[in-house]
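Listed next as structure tokens is one chain, alone, in the form predicted alone.
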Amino acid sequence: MISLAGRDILHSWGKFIFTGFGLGLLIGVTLVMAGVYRGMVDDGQALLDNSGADLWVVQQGTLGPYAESSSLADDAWRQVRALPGVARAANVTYFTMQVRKEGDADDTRATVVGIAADEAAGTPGWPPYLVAGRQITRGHYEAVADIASGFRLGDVLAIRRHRYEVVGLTRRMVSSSGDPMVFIPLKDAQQAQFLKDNDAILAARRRSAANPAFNRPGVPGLLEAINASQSASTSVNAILVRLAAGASPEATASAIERSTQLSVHTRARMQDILVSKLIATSAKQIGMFLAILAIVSAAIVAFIIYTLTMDKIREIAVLKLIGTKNRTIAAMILQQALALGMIGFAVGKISASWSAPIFPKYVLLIAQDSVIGFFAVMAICALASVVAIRMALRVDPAEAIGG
């Protein structure tokens, strides 16, 4: 059997290779976008795993510290800790801000996590492992940073008005949006999260002094106590709970909700919130881009196969004149389209693997997506060849001798 696809590739290999290269870049972008979605899901899973919590106790009626604002009293953990089924409980705060290393002009966007630094090692909220340095051992002005932030041991970080020395480095400690985490003592984090500027503090004190209910002549010390309470923060974003061995997450969560009047989310519920609430919109956007790229890829393959088929109309007419069956001609054109798809997929896979590490977002390329992508490319190329096959089958054999 004459291999029309092979002959055409050999005769116009330059056009074929460059077309496959261009198609491969489109496929590479498609694989990277799928990897971005996988990376977002993996960041969310890493966030839950690294927290070391089985339950998240948050402000009543809220979805928790990762999805929306949550504020509760910092002494509520004592009541939670005393309930059956609870092995450990610890306060935690999360807030995102620009962190600057002392001496640098540029800021780094990071999620600052306030942890109970004065508790025993392994307390929920602590980074579970370090790649360098040590955990926080002092109650103030020490920090552990993720290496993705670019900070190093001994660096001094400016967070609000205070300076923190980096004493430990960790890996893959990121927020749901992929920002690297910086861990600092809880008291420092509470102050930094709710810290007012000096003008706001002075204005609040003036308003309190002007209020006769707060500044009573016969009650000495009342105004000072009110000012002190207004300048201190006693709120946290959540309580991380680790269950005792054999305890039921659902039963313990129900017991905590009944006792504290707070909302409690299990790990399964929190994972659903992260996937279905936080990254749902991004997933839809990525899905739309993938659909557009698939349509563009199909259009490119259809155009190039149609062009190549038009260039050899006379050869196809000769084949029909000597009695070549239609299915043989169709198979030849289909082989050409599939060969173009294989070249494109190889280029796309290589370019995606090469470029993924340099993306600012975490790109997770998995074998399952590559297999699905390969068969999708083959299917698109097969569909794109239909127009060229129909045109080839309508060629009149007389064109071989009629010119």
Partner chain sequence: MNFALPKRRTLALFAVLLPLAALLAWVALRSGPMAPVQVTQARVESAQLAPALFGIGTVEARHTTRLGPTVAARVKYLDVDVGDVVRAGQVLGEMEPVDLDERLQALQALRKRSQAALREATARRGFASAQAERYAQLLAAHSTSEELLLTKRQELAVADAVLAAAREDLVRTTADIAALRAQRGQLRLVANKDGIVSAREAEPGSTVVAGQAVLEVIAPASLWINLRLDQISAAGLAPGLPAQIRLRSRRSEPLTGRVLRVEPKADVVTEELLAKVVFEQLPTPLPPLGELAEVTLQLPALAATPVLPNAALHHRRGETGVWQVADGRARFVPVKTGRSDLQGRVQIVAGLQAEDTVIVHSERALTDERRVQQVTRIAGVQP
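Remember, it's a predicted structure, so these values are computed and weren't measured experimentally. If you superpose the two forms and keep the largest set of C-alpha atoms that fall within 1.5 Å, you have the rigid core. Positions refer to the first chain, counted from 1.
Omitted from view is the form predicted together with its partner chain, to which the following refers.
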In the model of the complex, the one of 207, 78, 314, 258 near its partner chain [non-hydrogen atom within 4.5 angstroms]: 78
In the model of the complex, the residue from 152, 325, 277, 100 that sits within 4.5 Å of its partner chain by heavy atoms: 152
Candidate stretches 144 to 152, 285 to 293, 106 to 114, 250 to 258, one within 4.5 Å of its partner chain in the model of the complex by heavy atom: 144 to 152
Contact label in the model of the complex: residue 263 to its partner chain, heavy atom within 4.5 Å: no
Contact flag, residue 132 vs its partner chain in the model of the complex, heavy atom cut 4.5 Å: yes
Any non-hydrogen atom of residue 353 within 4.5 angstroms of its partner chain in the model of the complex: yes
Heavy atom of residue 160 within 4.5 Å of its partner chain in the model of the complex: no
17, 118 and 347 all contacting its partner chain in the model of the complex, non-hydrogen atom within 4.5 Å: yes
Any residue of 252 to 284 that, in the model of the complex, places a heavy atom within 4.5 Å of its partner chain: none
Yes/no, residue 248 Cα shift of 2 Å or more between this form and the one not shown with rigid core fixed: no
Shift of residue 343 between this form and the one not shown at or above 2 Å (CA, core fit): yes
Yes/no, residue 205 Cα shift of 2 Å or more between this form and the one not shown with rigid core fixed: yes
